[in-house]
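First come two forms of one protein chain, each written alone as structure tokens, so that there is a structure 1 and a structure 2.
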Structure 1
């Protein structure tokens, strides 16, 4: 939700709007990261030489916009932007991030071509050993990590992936644009961040995370297995459905 500046009758920005703009700019620029404590009302009223009622009004609007969280007796804190994704869709993380009004950035962390291990074959539901491409990627919203991606691509089903470096484009949209999928499976679970995930998402080890695992097939051939890990407070999964007609 955007916060639009308004001017008073003389064309000057009100103190209320100035507080809104200053705080939202610090949050959206990343200067105040998620979890950062906003100055207390009495501190802001002194800083802006205004009443606490004016400050309270501005903070309430920021909370309504989803930028901050107000905690009784503790103060106000920057919220981690929360995205929503449909459970039954294959979506592009870029779209999730841009829906939050934040710039998206993708980074390939690791790329390995190898013969599939027993664990790889179990993840892909692949009967026999074959060549696979293992990828590790990071997705960012602004300056903050948004999702961590671990992916296996079955090179028997998608041999052209062996020559793609996946430096510029993420593997998800690359596959969607080249391989028609006929079936997909989602598995969703909660986990505690291990040390590797904690570093990748810039969260504390042991922090709650949401893991979305997906397998896709094309004409009964396994194409890919991917595991997306999100900080739990930053992501919501949504499913809309109707009662069965049977």
Structure 2
């Protein structure tokens, strides 16, 4: 997402939006190089014939987006690109499959309720042992396996999950909207399919797979750990770029 909002059909944008996009344009195009001092608020308010507050609103947003740095008494300066960040959109698998024009099918393979093992606790980053729900699910695109899901749900954080069989609804959509998440972490890597995954995805053992692991917290309590395994041919993650972001 760009910090510049797209104008609507009539092209009516607010003044501070226009100031923001004008300046952002000049920075992006390189016309104002990193280190360059952009005009003072009072200069811009004269240029645009508006109040300083309006200019301030635009510049504050640019500063928050990391495009400029503001220093009292000195002015505002174009920042040099720092950490490059890309936004990964994490879609629902059903949506992904249907976007391919293929019929989606979900299947619960296994479901076990147990007291968390040391391994479970490591995956969940859970402090003390407690009840967990371990799920294994298949996601299909047409007849072909699309992704294999291995999930742990912390029943201390989400006790209602104990009453759910997850035969009809997949745990992902079930959790979303029910549990407010505050933080999560993704790990993405390539692995060779082990025997178990090879059978589940109907590929050769040792074939390359993309693994996306996600750990979710809600208010400092671990909620779930999920590992999606995709056969190499079936999946590419796409990330849009975000300039800036301080």
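Basically, rigid core = biggest C-alpha set you can superpose within 1.5 Å across the two forms. Keep in mind that this is a model prediction, so the values were computed, not measured. Residue numbers count along the first chain shown, from 1.
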Label of the structure corresponding to the form predicted in complex with the DNA: 2
Core-superposed comparison between the two structures, residue 212 Cα displacement 2 Å or beyond: no
Core superposition between the two structures, C-alpha change of residue 74 at least 2 Å: yes
Did residue 198 shift 2 Å or more between the two structures, C-alpha, core superposed: no
Per-residue CA shift, residue 56 (Å; core superposed between the two structures): 60.5
